[in-house]
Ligand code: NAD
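Just the one chain here, the form predicted on its own, laid out as C-alpha cells.
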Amino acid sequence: MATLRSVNPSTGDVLGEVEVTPLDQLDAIVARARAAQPAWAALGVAGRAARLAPVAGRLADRLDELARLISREMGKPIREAQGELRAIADGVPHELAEIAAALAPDVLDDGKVRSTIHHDPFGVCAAITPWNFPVAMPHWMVFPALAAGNTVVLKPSEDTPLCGAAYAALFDGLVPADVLTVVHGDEAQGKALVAADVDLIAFTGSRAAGKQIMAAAAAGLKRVILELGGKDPLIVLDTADVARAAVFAARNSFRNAGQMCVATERIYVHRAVADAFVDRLCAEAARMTVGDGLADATRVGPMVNARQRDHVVRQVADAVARGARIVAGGDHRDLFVTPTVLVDVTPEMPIARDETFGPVACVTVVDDDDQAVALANDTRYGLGASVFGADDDRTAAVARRLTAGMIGINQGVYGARGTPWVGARESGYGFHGSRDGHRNFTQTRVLSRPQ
C-alpha cells in the first residue's frame, strides 16, 4: 500500500504516514456516501445541528494538541495555529444558527400563487482542501455541507494529511458511517474525485487547478465552489497614518510566511509618504523572528515545502534582475525565507502579476489616486484589497473603485460576523459564509400552488 509521509518543514522530521487511497476504491467510497445521504438529510436541519454541535467542545478540548500538530505539519507559528482553532470552536454555535436561517423555506404570495422556496441538499459533496489553514479550510467546506444535508468526501492536502484526518476525527460517533469520509492522495486522487459521481465540488487552491476542476465538472454540469487565491493590493494614500499602514502591511504580508490567499502582495504608496512608509515597513520586517513554529518567539515559520520556497526565491531573484531592489530581508536557509521588502517593483514583473504565496512585500510608488487604483485593478485576481487613508469620503471612494470581492478600509479584508468570504474575477466562483454563502451548498427548489 502506498503511503504519504508527513514531514515537519521546520526540522525535516517525519511526523507520520497515512495510506494513500487507491484510485480504484474512489467510486465505491462515493457510492457509499450517496447511499448514506438520504437518511442524513431526513434528520432535518435541527436534527443535523444537534449531531454537529458537539464538534465545538471536542475541538476546544483538544485545542493545544491540534495547534501543535498544525505547527509541526505545516510550520505555522503556534499562536496563529491556536487562533485558527479557537475561531472555529467559538464560531460553531453562530454558524449553526446562521445555516438554519439560511435553509429555512422562503414563502412568496402574490394573491394568485403561493410559492415556497426550499433549500435542499445536493447529495454528495467532494471537498478538496489546501495546506495553509489545514483545519479551518476543511471546516469551511465540510461543516456547512454536512449541516445542509449533504454527505462529504474530504481530500485534505497531501502536505497536511494528519491535520485533515484529525479534523475528520472530531466527527467520530456524531455522524453515521459514510456521511463523512476522508481520502488521501495527491493530484491523482483529486482528479479522480472530481470525475466521480459527486454532485458538488468545493475546492480551495490555485487558480490553475480551479480552472481544471471547473472544466472537468462541466461535463456533468456539477456544481462548484472555488476559492482560487489572490494577489491582494494595499493602497496607502498621502493622508494615511503611515505607521499604522506599515504595521498592517508587515503583518499581512508576512503572517503565515505569506502563505495566505489574502496576504498583501502588492503595495501602492503615494510618493509623499513613500520614504516614511518603506522605512517603517523595513523596521517591522526586521522585528519578525523567523524560526520553528513551536518556538514562542517565532513570528514567521517555514515555507511548507521546497517547491514553494523555490518559487518564492525565483520570483524575488527575477524581480531584482529586472530592476527591483531588496531593502529588507532577501535571505533564505533550508525552508525559511526571511521577510523581504522589495521596492521599485514595476507592473510588468512576474512578481507583480503572479501569486507569490511567500513572505514578500512589493512596493510601488504612485503619484495619485487614479494611478493607484489602475495598478491595483491590473490583475486577473480579485480576492481582497485594502486602502489606508484618512477616515473620509476620498478614502472610501478609492476603496469603492477596487474590483476585489472584499475591501478593507484602514484594516484587513475580514468583515463583520455574517459577511461572506467572496472573491471577484478569477479569485473565485461561488463563495463561503453568510446566508447566501451557505446556500451555495444547496439546490433551490420552488413549490407553487394556486390560491
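Keep in mind that what you see is a predicted model, and the values were worked out from it rather than measured. In case it trips you up, residue 1 is the first one in the sequence shown, and so on.
The same protein also has a form predicted together with nicotinamide-adenine-dinucleotide, omitted here; what follows describes it.
*Asks:* Heavy atoms within 4.5 Å of nicotinamide-adenine-dinucleotide in the predicted bound form: which stretch among 204 to 212, 75 to 83, 288 to 296, 245 to 253?
*Replies:* Heavy-atom contact with the partner occurs in 204 to 212.
*Asks:* Of these, Asp178, Asp369, Glu355, Glu98, which has a heavy atom no more than 4.5 Å from nicotinamide-adenine-dinucleotide in the predicted bound form?
*Replies:* Only one listed residue qualifies here, and that residue is Glu355.
*Asks:* nicotinamide-adenine-dinucleotide isn't shown here, but in the predicted bound form which of Val300, Cys362, Leu228, Ile235 has a heavy atom within 4.5 Å of it?
*Replies:* Contact residue from the list: Leu228.
*Asks:* Mind checking whether each of Ile128, Glu158 and Cys261 has a heavy atom within 4.5 Å of nicotinamide-adenine-dinucleotide in the predicted bound form?
*Replies:* Every residue of the candidate spot has a heavy atom within 4.5 Å of nicotinamide-adenine-dinucleotide in the predicted bound form.
*Asks:* Does at least one non-hydrogen atom of Val194 fall within 4.5 angstroms of nicotinamide-adenine-dinucleotide in the predicted bound form?
*Replies:* Contact with nicotinamide-adenine-dinucleotide, yes.
*Asks:* Please run the contact check for Asp186 against nicotinamide-adenine-dinucleotide in the predicted bound form: heavy atoms, 4.5 angstroms, yes or no?
*Replies:* Taking the distances in the predicted bound form, the answer for Asp186 is yes, it comes within 4.5 Å of nicotinamide-adenine-dinucleotide.
*Asks:* Is Trp421 close enough to touch nicotinamide-adenine-dinucleotide in the predicted bound form, meaning at least one heavy atom pair within 4.5 Å?
*Replies:* Yes - in the predicted bound form, heavy atoms of Trp421 and nicotinamide-adenine-dinucleotide come within 4.5 Å of each other.
*Asks:* Do Ala404 and nicotinamide-adenine-dinucleotide come within 4.5 Å of each other in the predicted bound form, heavy atoms counted?
*Replies:* The answer is no: Ala404 has no heavy atom within 4.5 Å of nicotinamide-adenine-dinucleotide.
*Asks:* Residue by residue through 374 to 413, which ones have a non-hydrogen atom no more than 4.5 angstroms from nicotinamide-adenine-dinucleotide in the predicted bound form?
*Replies:* The one in contact is Leu383.
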